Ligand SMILES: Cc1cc2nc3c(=O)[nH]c(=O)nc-3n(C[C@H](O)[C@H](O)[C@H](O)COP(=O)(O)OP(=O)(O)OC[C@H]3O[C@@H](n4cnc5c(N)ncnc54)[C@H](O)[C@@H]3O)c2cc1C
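Shown next as structure tokens: one chain only, the form predicted on its own.
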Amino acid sequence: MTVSDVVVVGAGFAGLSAAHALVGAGLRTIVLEARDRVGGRVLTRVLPDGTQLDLGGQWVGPTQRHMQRLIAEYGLETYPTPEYGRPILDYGGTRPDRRPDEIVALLDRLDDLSRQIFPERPWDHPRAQEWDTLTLAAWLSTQNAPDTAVRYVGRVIAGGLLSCDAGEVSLLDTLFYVTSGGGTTALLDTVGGAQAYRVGSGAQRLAERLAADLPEGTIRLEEPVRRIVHSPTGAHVETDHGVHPARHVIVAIPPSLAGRIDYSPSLPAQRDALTQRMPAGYALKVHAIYAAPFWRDRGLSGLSTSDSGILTETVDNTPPGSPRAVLTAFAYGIDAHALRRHDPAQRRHLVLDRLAELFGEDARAPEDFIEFDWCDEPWTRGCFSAHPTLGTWTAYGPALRPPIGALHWAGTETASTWNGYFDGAVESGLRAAAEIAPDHRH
């Protein structure tokens, strides 16, 4: 039986980046992927008429250096997020032309606090325990801000960034995430921010190019890992199709999935408890497909954020030259839970009602309505990414990245920069590979 130098579990951006670095270091590497495709939480679908949708992650920003490097290496084109008119800020029943001062003040306070956090060690801050047991919602309620501003910031930060509810996420995790991405402006903005560009051929195309660039036979699809028998000197990775012995294993899948693998011996208590306390987010993303981008004719960009209503955000997701227009909407927190309790027809009705309130009656009559719920995906179980529950950073955070014998950990949730994004996934894969082949860092 051939012994690999490294078995990588998962063929998302983290696993593929790790595999590239390891192969480049001359190490015999295989990648085991449970799905029938590569890409992890990216999935590009092209409708019969050529309309392209990114059902999962889709954006890259100018300061995400790993993604910028890969896009340039593979010669892929990008295009800016469309902004052909003014955005809508639905705020307390009004539509101000800019963010009100009270929103800016709250975001500035989050930025100021986030600069005190070391993203590699958020648990080291002197007030870490206090902030790790205080929810973002509770902190916002102490800031002497209007209820509308508190509600709006809670929705766009906890929902739009962390894909959960402001009453679920700790202030410490919020501050870590904000500093990891370079501040609220970089995280929330389109121009110059995290939502600046999309890959012209779809985000999944980059993952496919990375996979195709690996030696033939490196990637094994439809081979979920069930059990890892490990020691300080090696491991045996067991799948439905056989056993793969290796000197090292990189587990590059979301925490909730990593926790479902049977480890023998069991993981140390701190690492095991951490995995149990990092549930996946539960954002819901839907796409309404129209014959034309009617909102542009009304001077609207398709971008919207709201302090209330079933949808927190919308965006014009129409690629250049697309045969039809795409308006994409996001629901978070209790609104995402509420939508999932309805059947598809009622869910569609509720979403289109809200789009009509925002953009006019034409929004009620799309030619297609596409939803793809990552919470239903057995090899994902949620999106955008996972986040520690209250108290988890300070109690278990130090166990997030250190190897355990032959086992190494990757995935965007383990990144200290651009955590939760493609770039964080690539960073994590390169870090895990460097733990094994330290002379090959990017």
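The structure presented is a predicted model; accordingly, all values stated were derived computationally and were not measured. In case it trips you up, residue 1 is the first one in the sequence shown, and so on.
The same protein also exists as the form predicted in complex with this ligand; that form is not shown, yet it is the one meant from here on.
Open item on the list: For the interface check, one of 22 to 30, 400 to 408, 44 to 52, 382 to 390 should have non-hydrogen atoms within 4.5 Å of this ligand in the predicted complex; which one?
Closed with: Stretch 382 to 390 is the one.
Open item on the list: With the distance limit set at 4.5 angstroms and only heavy atoms considered, check whether 40, 257 and 422 all reach this ligand in the predicted complex.
Closed with: All of them do, each having a heavy atom within 4.5 Å of the partner.
- [ ] State the residue from 76, 88, 261, 278 whose non-hydrogen atoms include one within 4.5 Å of this ligand in the predicted complex.
- [x] So the residue touching this ligand in the predicted complex, by this definition, is 261.
TODO: Find out whether any non-hydrogen atom of residue 253 is located within 4.5 angstroms of this ligand in the predicted complex, and reply yes or no.
DONE: Yes, residue 253 is a contact residue.
- [ ] May I ask you to state whether residue 35 is within 4.5 Å of this ligand in the predicted complex, using heavy atom distances?
- [x] Residue-level check for residue 35: yes, a contact with this ligand.
- [ ] May I ask you to state whether residue 394 is within 4.5 Å of this ligand in the predicted complex, using heavy atom distances?
- [x] Taking the distances in the predicted complex, the answer for residue 394 is no, it never comes within 4.5 Å of this ligand.
Task: Contact label in the predicted complex: residue 309 to this ligand, heavy atom within 4.5 Å - done: It does not: once this ligand is placed as it appears in the predicted complex, residue 309 has no heavy atom within 4.5 Å of it.
TODO: May I ask you to list the residues of 223 to 249 that have any heavy atom within 4.5 angstroms of this ligand in the predicted complex, in sequence order?
DONE: Counting only heavy atoms within 4.5 Å of this ligand in the predicted complex, the contacting residues of 223 to 249 are 223, 224, 225.
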